[in-house]
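Single chain ahead, by itself, as structure tokens, in the form predicted on its own.
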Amino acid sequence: MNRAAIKQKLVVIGAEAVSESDYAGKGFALDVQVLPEQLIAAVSVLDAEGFFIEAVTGVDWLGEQAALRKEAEAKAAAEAKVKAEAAAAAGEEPPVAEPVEQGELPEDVLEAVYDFNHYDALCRVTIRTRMVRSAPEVPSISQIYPGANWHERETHDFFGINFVGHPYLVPLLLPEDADYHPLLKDFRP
């Protein structure tokens, strides 16, 4: 198995990001970020290379956008302070601080995470795809990897991600009438 060749095939399909990582430190060799519409192509590349699926799960990034804005504001304030101190040291008027854009926050996202591995030579590849929380849809990969069927059902149970095209997307672990997703950060029992 040639990791560089797999990386190149994933780049060719238009993956947003493909990065190599230290397997001993991170637990995976390739970290791939794709748009939901690129997921099937990326998964097909790994299937053709003989990978098997280990897991499918979700991540709720609720609050990420607010945290990013807060970080940008703190950085801008620190830069303004440095400029003001430099101007004062030079005996000049301090520059006028530019206001940080305060537009509406982008919507937070959910992320579906797929872990694949290889029997011949351990090479874990992680594929991530993000979708807005108000429309958490991603194509099902169960037609390519039938073993993903239950993983997708479990992820739907806990995060509410809708795997479009799944043949039987009913609750796996939650009660049949459950209308909640307990691993969402804003879930309240």
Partner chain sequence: MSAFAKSEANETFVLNLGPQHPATHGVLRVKLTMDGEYIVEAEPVLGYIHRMHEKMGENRTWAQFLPNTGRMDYLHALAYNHGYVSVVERAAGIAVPERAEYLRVITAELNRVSSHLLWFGAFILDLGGFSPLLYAFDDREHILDLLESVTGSRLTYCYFRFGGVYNDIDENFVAGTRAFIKRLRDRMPMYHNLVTKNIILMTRLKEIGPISAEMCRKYGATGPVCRGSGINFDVRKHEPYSVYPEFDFEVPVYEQCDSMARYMVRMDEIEQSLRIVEQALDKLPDGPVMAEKVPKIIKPPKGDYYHAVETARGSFGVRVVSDGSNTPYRLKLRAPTFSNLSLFGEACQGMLLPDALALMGSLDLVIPEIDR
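Residue numbers count along the first chain shown, from 1. As the structure is a prediction and not an experimental result, all values here were calculated from the model.
The form predicted in complex with its partner chain exists for this protein as well; it is not shown, and the discussion that follows is about that form.
The shortest heavy atom separation between T126 and its partner chain in the predicted complex is within 4.5 Å. Although the partner is absent here, L174 lies within 4.5 Å of its partner chain in the predicted complex, judged by heavy atoms. For L39, no non-hydrogen atom is located within 4.5 Å of its partner chain in the predicted complex, even though that partner is not displayed. At a distance threshold of 4.5 angstroms between non-hydrogen atoms, V164 is out of contact with its partner chain in the predicted complex.
Contacts of stretch 123-159 with its partner chain in the predicted complex, defined by any heavy atom lying within 4.5 Å, are made by R124, T126, R128, I144, Y145, P146, G147, W150, H151, E154, F158, F159, listed in sequence order.
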